[in-house]
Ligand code: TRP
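Next up: just one chain, as structure tokens, the form predicted alone.
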């Protein structure tokens, strides 16, 4: 590890922080909705397959690169590949900036919903409520407030800020999600929700759009392609078991997403709101579910506040990892003191997010570019680098691992499975991004 570089105080601290990076707002609804819309259990199988064939190899690549170089993304890639590869690190940083700029807006809505539900209850006219608060000055203010808290955590450092927050927040998230799932199981009509969630259409396995969605979900959900896992790994000790950590993070991330589906669908079906579930992640989180909570009276307020508390925790831990990518890069590039770097980066990203707080169309475009296109392209380039150009990645990954003998196929998997799959997904994502840009210009 680079001299003077910060480090995690414990394996548990790193694991919880890495899981916190992976677990976010997407786990609490996006996975559930995509499962229901893309073949049910068949999509889950495809998602697990994509996680195994694409997600885990790329995660191990990020862990290996970060721990080996003990530097943030730009310097880590320069360390192993020379200055031209530093451009890939810049892509990671840009992805983190773009995602956090609009993620803070959505997280701001989440915090506001939770606080107002606690003090005022959920409104019966949830659609009008969301339309009124989604954009404008108040949306900007809540966005800035959320990023201020994120900046405060990151400014505390790896141990005093990020790890300390993860040690408290991630167990709380687990308790909230499991408790909500147990409650949802007691509702009359919950079985219809389970049936909808677990419907199986094996024809979806051959649908290229479903494959793209499964690969994209695996990437976004695991926080890959944005340098977050790489940056966290740069604070690891040499005796950490990287393959084991990859599996632990992936399984924990999947567990939260899967259990969240056991909350959402039984709740919606028990209250007869299934016809109001549309293709919008935002619509489900901020219109359909609040309407469900409002119809449940006092119990709905309690359950709804707990649900939004879980959303806030997931949003904060993910936002912290995104900001840390940018802050760590600035520190490595300039030698700037951490608190100053956190204030500079947090403030700049907060300002960049203002247009997304003023327009849902802008937010959607930034999501398409940063949350999908840059992630996939960054993951593809990383797989190419580690698969073909990094000196002895297998030796680095096997150090400290009980499973070193099983890594013989890892580099081949990166070369001949991950790269072709991500190349195909990249083409589809480029088309989607172009269409989104054209729609915004035309509108």
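Numbering follows the first chain given and starts at 1. On a predicted model such as this, the values are computed, not experimentally measured, just so you know.
One more form of this protein exists, namely the form predicted together with the ligand; it is left out here, but the text below deals with it.
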4.5 Å heavy atom contact, residue 221 and the ligand in the model of the complex: yes
Contact flag, residue 22 vs the ligand in the model of the complex, heavy atom cut 4.5 Å: yes
Contact flag, residue 308 vs the ligand in the model of the complex, heavy atom cut 4.5 Å: no
Touches the ligand in the model of the complex: residue 35 (any heavy atom, 4.5 Å): no
Stretch from 319-327, 356-364, 240-248, 333-341 whose residues place a heavy atom within 4.5 Å of the ligand in the model of the complex: 319-327
Single option in 63, 375, 42, 383 placed near the ligand in the model of the complex, where near means a heavy atom within 4.5 Å: 375
Residue among 268, 99, 230, 77 with a heavy atom within 4.5 Å of the ligand in the model of the complex: 99
Joint contact, 15, 154 and 235 to the ligand in the model of the complex, by non-hydrogen atom at 4.5 Å: no
